[in-house]
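A single chain comes next, written as structure tokens; it is the form predicted alone.
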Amino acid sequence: MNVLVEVKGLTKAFNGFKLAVDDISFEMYEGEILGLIGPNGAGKTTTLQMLLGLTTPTAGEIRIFGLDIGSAREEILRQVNFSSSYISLPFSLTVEENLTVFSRLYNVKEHKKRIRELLSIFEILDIKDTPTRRLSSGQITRVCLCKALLNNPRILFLDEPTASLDPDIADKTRTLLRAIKKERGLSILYTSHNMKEMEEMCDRLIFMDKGRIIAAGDPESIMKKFGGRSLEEVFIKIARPGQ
């Protein structure tokens, strides 16, 4: 399989001594959904920020598409995108205006057509002229997912992408992401605290705790390793080591 992301010895220390990420290494392959899971404080968000070039590692190496993130960040970011249920958009702009700004940043051809296509897919075309400040959290989440797909990325980084969605829209979103993965070979790095969702979505998982990788593999192999009947049961075992 073609390796798209290669991480070696990645470390991040804050204030010179507190290790948020402690010497982790992994690969991400073309056309797979790779899950990044672990309790709060495990280092998932910091890892994601380093992969996006938002945070500089203390040590280690990140290569995406064979390029070093430190020296080729702009070239890499043209081919990736990111969405999180916790990010905000300019509140004074309408949905369509927000997406137009991002489409110009990514030099999206026929951006109006692309925007309407994505709004239709996520069933929010009717709110295209609505100011962002008037949207519900679930609507904002779907707008952010539209933003993340504008440039037809090769890699999509998703942080809790369905956290604010009702069960129906969340299910439709997962179905859509799997369809795009199958049709276009899209690679997705996926984080969530919904273990049932991770079990359903991910080809492989990286389980982090206290900044280190404690397990990696498909969901079934991780459940087997920790003796859990479900991924949620394994998560609880890791998060509550005294029990």
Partner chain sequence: MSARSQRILAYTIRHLYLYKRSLPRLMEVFYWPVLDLLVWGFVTVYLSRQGGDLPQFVTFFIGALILWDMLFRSQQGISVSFLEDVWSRNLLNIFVSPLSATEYIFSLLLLSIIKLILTSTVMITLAWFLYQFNIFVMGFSLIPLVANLIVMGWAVGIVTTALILRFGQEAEVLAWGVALLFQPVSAVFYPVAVLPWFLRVIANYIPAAHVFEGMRVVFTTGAFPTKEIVWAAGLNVVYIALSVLFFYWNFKVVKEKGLLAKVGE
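Residue numbers count along the first chain shown, from 1. This is a predicted model, so every value here is computed, not measured.
One more form of this protein exists, namely the form predicted together with the partner chain; it is left out here, but the text below deals with it.
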Check your understanding: Hey, in the predicted bound form, does residue 147 get a heavy atom within 4.5 angstroms of the partner chain?
Key -> yes
Find out whether any non-hydrogen atom of residue 14 is located within 4.5 angstroms of the partner chain in the predicted bound form, and reply yes or no.
yes
- Item | in the predicted bound form, residue 89 touching the partner chain (heavy atom, 4.5 Å) | yes
* Is residue 122 close enough to the partner chain in the predicted bound form to count, meaning some heavy atom within 4.5 Å? -> no
Testing 32-40, 46-54, 213-221, 187-195 against the partner chain in the predicted bound form with a 4.5 Å heavy atom criterion leaves exactly one stretch, namely 46-54
When the partner chain is considered in the predicted bound form, the residues of 83-105 having a heavy atom within 4.5 Å of it are 85, 86, 87, 88, 89, 90, 91, 92, 93, 94, 97, 100, 101, 102, 104, 105
